[in-house]
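Before any questions on binding or motion, here is one chain by itself as structure tokens, the form predicted alone.
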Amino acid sequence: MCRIGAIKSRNYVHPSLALLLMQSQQKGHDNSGFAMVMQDLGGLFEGYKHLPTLSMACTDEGLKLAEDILHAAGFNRVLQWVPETNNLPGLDIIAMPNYVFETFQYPKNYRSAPQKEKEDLLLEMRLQLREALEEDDLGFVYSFWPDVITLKEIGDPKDIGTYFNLWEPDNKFTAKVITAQCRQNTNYDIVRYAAHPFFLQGYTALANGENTFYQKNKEFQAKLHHGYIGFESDSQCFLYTMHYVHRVLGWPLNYYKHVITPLPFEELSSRPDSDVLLAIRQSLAHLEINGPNTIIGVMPDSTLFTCCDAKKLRPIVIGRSEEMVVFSSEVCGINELLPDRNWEDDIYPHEREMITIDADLEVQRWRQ
């Protein structure tokens, strides 16, 4: 069983906290990797929140190719951070030659463009970069988005933390929202793109469990949007449905739950909104999910949420203090980060609930 976690803080925190959160759940590790998405960045990137940052692992040739493509499109680099690596003997990590986090200024003709046009441009550039680097296995492009950094690697999570010098906190590399997973979906090949969390246009998703409706989700989603690609893991479907429901259709977040785990027909008939919910179920039936799973998601406004399958077959617990909210597959993860919290306030979501955490760390419980 996978382990997942998320941290949302009033103050900037270092990813060492994410490593501690996941280390306490290490019985779920299988050395297939560690991945995290950091959003609402501090440190070196705090002054560049309005500009896109490229997160990439690549060869020397891949780095040159990616930078050439971006420069040809009119992007100009304004910040580059290359993490200092610690390549000690015996570390279990399949390292790439380069890990690059570069922030770019938009092309001149886009600097005054509407936000949606900028966002569409960033998606197109990321897809172009991914396709270019895939051809000769030159690298992996995880995200190209403002105020977001993504890191994914194969190996032992503890050793990955050591390799990137992430166990010692500093003020250079921080964020207010961090999502992380220490195990890939091992029903499929172990590749970097398959590692959770997944990111698309401001939306982040990761999951513990599996989606037995993967095939019908995949076939339907592949026709909905040209950004729905890869499908290296069945859990990517959770991200694409979130993006489609909220961004493409423009529906409120709570409808995401109605799409992926629709209410039984006998319950729908007695509700005042039965016509709407029935129409959703009929028109988006191929986006329904099944199987044991718990989802953690982050929205473009940094709202953090979680929801479960309709039978609650995978665990999730939420702990909180005045300064921080932590989601964890197991309560031991929260104990590691928030040992002094009021444990009576811990939340164990119901199978028909969606729990959201807003910018003020206010907890909202929505019942389907």
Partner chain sequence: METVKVQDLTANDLPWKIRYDASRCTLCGSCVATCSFRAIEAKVERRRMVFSEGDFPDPQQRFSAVPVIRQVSTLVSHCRGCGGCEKVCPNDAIGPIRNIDNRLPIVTRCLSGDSIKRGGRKNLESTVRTLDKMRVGRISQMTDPSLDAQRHTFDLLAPFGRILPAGKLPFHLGANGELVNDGQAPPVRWIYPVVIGDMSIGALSWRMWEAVAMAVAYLNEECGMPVRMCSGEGGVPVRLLKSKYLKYMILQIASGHFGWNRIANTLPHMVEDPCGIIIKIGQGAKPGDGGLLMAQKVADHIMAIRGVPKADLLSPPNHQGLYSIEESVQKMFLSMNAAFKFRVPVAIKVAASSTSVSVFNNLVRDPYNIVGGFFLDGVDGGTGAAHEVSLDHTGHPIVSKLRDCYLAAVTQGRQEQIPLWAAGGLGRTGDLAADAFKMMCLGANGVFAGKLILQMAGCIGNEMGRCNACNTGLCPVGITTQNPTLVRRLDPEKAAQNIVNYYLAMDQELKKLMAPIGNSSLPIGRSDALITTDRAVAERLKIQYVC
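Numbering follows the first chain given and starts at 1. These numbers come from a predicted model, not from an experiment.
Keep in mind that the form predicted in complex with the partner chain is missing from the display, and what follows is about it.
- Here the chain stands by itself, but in the predicted bound form one stretch of 159 to 167, 286 to 294, 80 to 88, 138 to 146, 286 to 294, has heavy atoms within 4.5 Å of the partner chain.
- Although the partner is absent here, residue 314 lies within 4.5 Å of the partner chain in the predicted bound form, judged by heavy atoms.
- Interface residue remark: residue 98 is not counted as part of the site for the partner chain in the predicted bound form, having no heavy atom within 4.5 Å.
- In the predicted bound form, at least one heavy atom of residue 213 sits within 4.5 Å of a heavy atom of the partner chain.
- At the 4.5 Å threshold, heavy atoms of residue 251 reach the partner chain in the predicted bound form.
- Think of it this way: in the predicted bound form, the partner chain has a heavy atom of just one of 118, 281, 192, 225 within 4.5 Å, and the residue is 281.
- This chain lacks the partner; the member of 263, 151, 200, 154 within 4.5 angstroms of the partner chain in the predicted bound form by a non-hydrogen atom is 263.
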